[in-house]
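Here we start with a single chain on its own, the form predicted alone, put down as structure tokens.
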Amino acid sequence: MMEVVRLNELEIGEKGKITRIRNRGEISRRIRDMGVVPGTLVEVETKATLGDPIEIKVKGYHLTLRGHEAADVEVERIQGVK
């Protein structure tokens, strides 16, 4: 069984598959418009010193999310892939 965590909990280099976006407001719509939708694979590229913001790679491009935005995205951690 895959471990489901929030996107901001993945370490640099880890990959995950988006399962759910918890926020239903304007932020959720903006995130979805940028391609962060359930079923999509993401990889954490970098994190700022205190973990906010984080940069992810999604659908071949780089995207920066604030910590609270990434916390609203649930992902299945892909084990053994860094």
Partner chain sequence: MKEITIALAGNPNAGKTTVFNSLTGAHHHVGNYPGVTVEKKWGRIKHGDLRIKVVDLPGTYSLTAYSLEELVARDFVVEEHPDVVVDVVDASNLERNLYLAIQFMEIGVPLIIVLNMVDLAESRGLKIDTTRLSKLLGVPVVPAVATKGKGMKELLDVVVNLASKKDEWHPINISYGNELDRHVDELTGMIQKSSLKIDHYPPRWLAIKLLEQDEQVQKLVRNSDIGEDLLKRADRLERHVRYTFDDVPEGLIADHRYGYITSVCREVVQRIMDERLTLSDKVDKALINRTFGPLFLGGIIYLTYTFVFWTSEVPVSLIERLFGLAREVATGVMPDGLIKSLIINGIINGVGGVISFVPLIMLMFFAVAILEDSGYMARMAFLLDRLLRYFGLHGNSVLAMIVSGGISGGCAVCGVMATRTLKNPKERLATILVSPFMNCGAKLPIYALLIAAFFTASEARVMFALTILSWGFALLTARVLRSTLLKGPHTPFVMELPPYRMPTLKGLFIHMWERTWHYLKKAGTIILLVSIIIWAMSTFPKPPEELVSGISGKEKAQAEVSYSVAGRIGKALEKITAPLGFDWRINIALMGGFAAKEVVVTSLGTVYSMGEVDPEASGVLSERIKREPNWNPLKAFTLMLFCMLYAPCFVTLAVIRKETESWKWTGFAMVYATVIAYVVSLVVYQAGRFLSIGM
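Residue numbers count along the first chain shown, from 1. These numbers were taken from a predicted model, which means no experiment stands behind them.
Same protein, other form: the form predicted together with its partner chain, not shown, and the subject of what follows.
Contact annotation for L65: at least one heavy atom lies within 4.5 Å of its partner chain in the predicted bound form. Not displayed here, its partner chain is approached by A48 to within 4.5 Å at the level of heavy atoms in the predicted bound form. Among heavy atoms of E14, none comes within 4.5 Å of its partner chain in the predicted bound form. Within this chain, D72 is remote from the site of its partner chain in the predicted bound form, having no heavy atom within 4.5 Å. Residues from 28 to 42 that approach its partner chain in the predicted bound form with a non-hydrogen atom closer than or equal to 4.5 Å are S28, R29, R30, I31, R32, D33, M34, G35, V37, P38, in the order they occur in the chain.
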